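A lone chain, given as structure tokens: the form predicted on its own.
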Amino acid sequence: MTSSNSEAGSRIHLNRDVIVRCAIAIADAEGIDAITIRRLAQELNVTAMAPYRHFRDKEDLLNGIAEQLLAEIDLPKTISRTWDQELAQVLSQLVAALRLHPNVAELVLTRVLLSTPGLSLAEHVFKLLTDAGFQSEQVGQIGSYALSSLVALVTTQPGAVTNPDPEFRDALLRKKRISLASLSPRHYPHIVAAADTLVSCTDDDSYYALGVKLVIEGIKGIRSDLSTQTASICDG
């Protein structure tokens, strides 16, 4: 195929969605640093300039990847349960979307408010926190903390390795296991006891469910403390 034919083909078939999905596939296999405009052009069999018709630069492309991840969350049109039940459901969907592509999960941290799906997610979460009784400043802080916690839950999952080579992964986990096993059980008995859990996640679903629950229960605890403080002031 000549360059002109390739260029013509890209005009007909290439779009933002195709480019983003290709970029995510590259990141899934090799990590986020492997994503370049040139690499995308090669993978898509188009000219080096073709992707620039849809994305200004790599930063714009990364924004598109974050938008795609956030678009996977199906926000309810109406709220029919308690605020904490609704919030748990939304955060669980966020985790489900991120854990499919852990190598690019961190992108959403600074890009939630840069796309319509992200803005919709933030608005929904903030409404639920407002319904729970938090003030605007608290809503922003708690919402940001919850997002950061869940992204970290995905990007730091025990046993997760960016390199897709199974031999590399096994060698890395063996090294970590040996390192923990070499610790003195006298001085670090609890770390040694938890070594297997620290090295590799034995049940992914339970790991993520617990992470979401910890966030929700933490928010409920803060709400309870604030309610107690308010009641004390009123009684005084």
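All figures in this text were calculated on a predicted structure; none of them were measured in a lab. Don't overthink the numbering: it's just position in the shown sequence, from 1. Superpose the two forms; the largest set of C-alphas matching within 1.5 Å is the rigid core.
Not on display, but discussed next: the form predicted in complex with a further copy of the same chain.
Asks: Contact between residue 52 and a further copy of the same chain in the predicted complex at 4.5 Å, heavy atoms?
Replies: Residue 52: no, not in contact with a further copy of the same chain in the predicted complex.
Asks: So in the predicted complex, does residue 14 come within 4.5 Å of a further copy of the same chain, heavy atom to heavy atom?
Replies: Residue 14 lies outside the contact set for a further copy of the same chain.
Asks: At 4.5 Å between heavy atoms, is residue 222 in contact with a further copy of the same chain in the predicted complex?
Replies: Answer yes; at least one heavy atom of residue 222 falls within 4.5 Å of a further copy of the same chain in the predicted complex.
Asks: Although the partner isn't part of this model, could you tell me whether residue 178 comes within 4.5 Å of a further copy of the same chain in the predicted complex, counting any heavy atom of the residue?
Replies: The answer is no: residue 178 has no heavy atom within 4.5 Å of a further copy of the same chain.
Asks: Report the stretch among 203-211, 64-72, 39-47, 23-31 that approaches a further copy of the same chain in the predicted complex to within 4.5 Å, counting heavy atoms only.
Replies: Among the candidates, contact is made by 203-211.
Asks: Judged by heavy atom distances of 4.5 Å or less, which residues of 138-154 approach a further copy of the same chain in the predicted complex?
Replies: Heavy-atom contacts to a further copy of the same chain in the predicted complex: 138, 140, 141, 142, 144, 145, 148, 149, 152, 153.
Asks: So, superposing on the core, is the move of residue 206 at the CA at least 2 angstroms between this form and the one not shown?
Replies: Where the cores coincide, residue 206 shows only a C-alpha shift between this form and the one not shown that is less than 2 Å.
Asks: Once the core is superposed between this form and the one not shown, does residue 176 show a C-alpha displacement of at least 2 Å?
Replies: True for residue 176: a C-alpha shift of 2 Å or more.
Asks: Superpose on the rigid core, then tell me if the C-alpha of residue 188 is displaced by 2 angstroms or more between this form and the one not shown.
Replies: Yes, shifts by 2 Å or more.
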